[in-house]
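The form predicted on its own is given below as one chain in structure tokens.
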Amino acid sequence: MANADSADVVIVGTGVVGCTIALEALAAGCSVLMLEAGPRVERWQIVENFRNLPPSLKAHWDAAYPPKPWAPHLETYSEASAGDYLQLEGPDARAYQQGYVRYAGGATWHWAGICWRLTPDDMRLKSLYGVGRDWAFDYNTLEPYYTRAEYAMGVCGPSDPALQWPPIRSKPYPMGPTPFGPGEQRFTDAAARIGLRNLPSAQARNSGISYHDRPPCCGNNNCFPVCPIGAKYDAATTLPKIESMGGVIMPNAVVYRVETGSKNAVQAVHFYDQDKVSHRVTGKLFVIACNGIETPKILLLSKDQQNPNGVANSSDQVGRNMMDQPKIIAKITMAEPMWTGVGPVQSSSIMDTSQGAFRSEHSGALIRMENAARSGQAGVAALKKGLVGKALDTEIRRLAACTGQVTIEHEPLPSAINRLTLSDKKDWLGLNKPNIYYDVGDYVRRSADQYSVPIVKRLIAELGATESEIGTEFAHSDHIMGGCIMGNDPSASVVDADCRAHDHANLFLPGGAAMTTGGSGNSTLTMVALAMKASDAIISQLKAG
């Protein structure tokens, strides 16, 4: 059995990737110990935090997750602290100002639940278009793991292949899709008039039935900052199940060193608790399942005599190839109500624009109408106009009903210059903060200039917008990828096809950090599919002794 000092499988991180591997390993009879940098809280606490926020902060989902001194994260709601933890530089630094919290359960507390798959072409950019990299395996190899991931999380989606993305599946979705709200339906109709398909998104939420002891979605539209009833998958719902199967979860445990020994095998990890006391944990196999920022940061912190550039870094690729989908936002105002806010915050996207021979010249892009309710933003905007009484009420209602947001998320390329290094600045524990240099690259800029933004302008006109404002600066999508890139060549990558570190036979680095390319869609489902594939390798390796 696992205890606080040792286990067969030691997992750093309690997000969706760590929880997926923990469940698979426990079901196979392995002992599991999970270490989490942040605190463990109950759902009601996050809901109460959100309810008690002043109106000016309700638009900032992360304000419901105050950081702890030992587990800081980027607080975008606080001008005094924004950027203090995550150090950013480069021509597009703002495009990597990621939003994630360091809490037990990870970023799935506050994700939208969208579960797009990569397409076969997304995994063969080098072969097909001469850009980026090819994955270490093809789509057919990953497809069974996608299916396992969908059933493990409880993903709803369309049964009609014409509405699936991509329509290459071995099993149907566990549940049917969520219906469109009025705003998304109007967007769908406008897209169709200019020859584009707005497809229902596969989503990790229950659509009309209970699944995995979670209730069906009732359309609260509070996916950000938290699903108040737990209809959407979040890793926090999985933690009690892990404990019921014998897994041990230790919150407030900030891993800062991976210790290697004989034959460069990992033999322990070291962590600080909230009192700055150091502890050492041993195991047979180790999994660093943090996000694409925290995982390479830990590896770079772990320099030793055998690994002078950091653990798993003989290729000098740890921290390189940082990716996210650079985002352009268009704000629109309509003469007639759009009425976004009915149902989940996101339920659909135009995906055809992410594929094509043009990818040899510029990136593809996902385009969607955001379905978040506009009432909070409308109230703040109306108050800024100095209105009172009936005039204020009328303007809030108009802005809530008639405004909207169209988002473009561009496909990134892996690039060695987009790099995480250790900053000279230290956090509360004395650990180096992460520093990231980020440039979206001409591949993405050409897409925005020549392709994606012109399409959105046509969509806005077709919707009949009376006002529009299209952003000129790329923003972050919070889809953290890269940093421990996968590949078959140990000299040019960090992990192999099973997310096992090339340099250490008993160290696995699964999830977003290992992704070779990012595509245009949300990355979580691919992260979980990689976790499923890594789980099979971990269990097989343990059983083989």
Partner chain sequence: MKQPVRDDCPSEYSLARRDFLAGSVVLMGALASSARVVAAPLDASAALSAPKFMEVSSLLIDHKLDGDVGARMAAAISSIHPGIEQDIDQILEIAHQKNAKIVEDFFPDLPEGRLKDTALAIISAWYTGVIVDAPGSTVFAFELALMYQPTRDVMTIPSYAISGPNGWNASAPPLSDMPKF
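Positions refer to the first chain, counted from 1. For clarity, a rigid core is taken as the largest C-alpha set superposing within 1.5 Å between two forms. In this text the structure is predicted, and so the values were computed from the model without any measurement.
Only in words, not in the display: the form predicted together with its partner chain, which the text now covers.
- This chain is displayed alone, yet in the model of the complex one of 471, 144, 90, 208 has a heavy atom within 4.5 Å of its partner chain; that residue is 208.
- For the residues 437, 135, 256, 339, the 4.5 Å heavy atom test against its partner chain in the model of the complex is passed only by 339.
- Its partner chain in the model of the complex comes within 4.5 Å of no heavy atom belonging to residue 404.
- For residue 58, a non-hydrogen atom is located within 4.5 Å of its partner chain in the model of the complex, even though that partner is not displayed.
- When contacts are judged by a 4.5 Å heavy atom cut-off, residue 317 does not count as touching its partner chain in the model of the complex.
- Interface membership of residue 375, defined by any non-hydrogen atom within 4.5 Å of its partner chain in the model of the complex, is confirmed.
- Contact with its partner chain in the model of the complex, defined as any heavy atom within 4.5 Å, is confined among 323-331, 416-424, 342-350, 449-457 to 342-350.
- Contacts with its partner chain in the model of the complex, taken as any heavy atom within 4.5 Å, map within 167-197 to 177, 178, 179, 180, 181, 182, 185.
- After superposing the rigid core, the Cα of residue 392 is displaced by 2 Å or more between this form and the one not shown.
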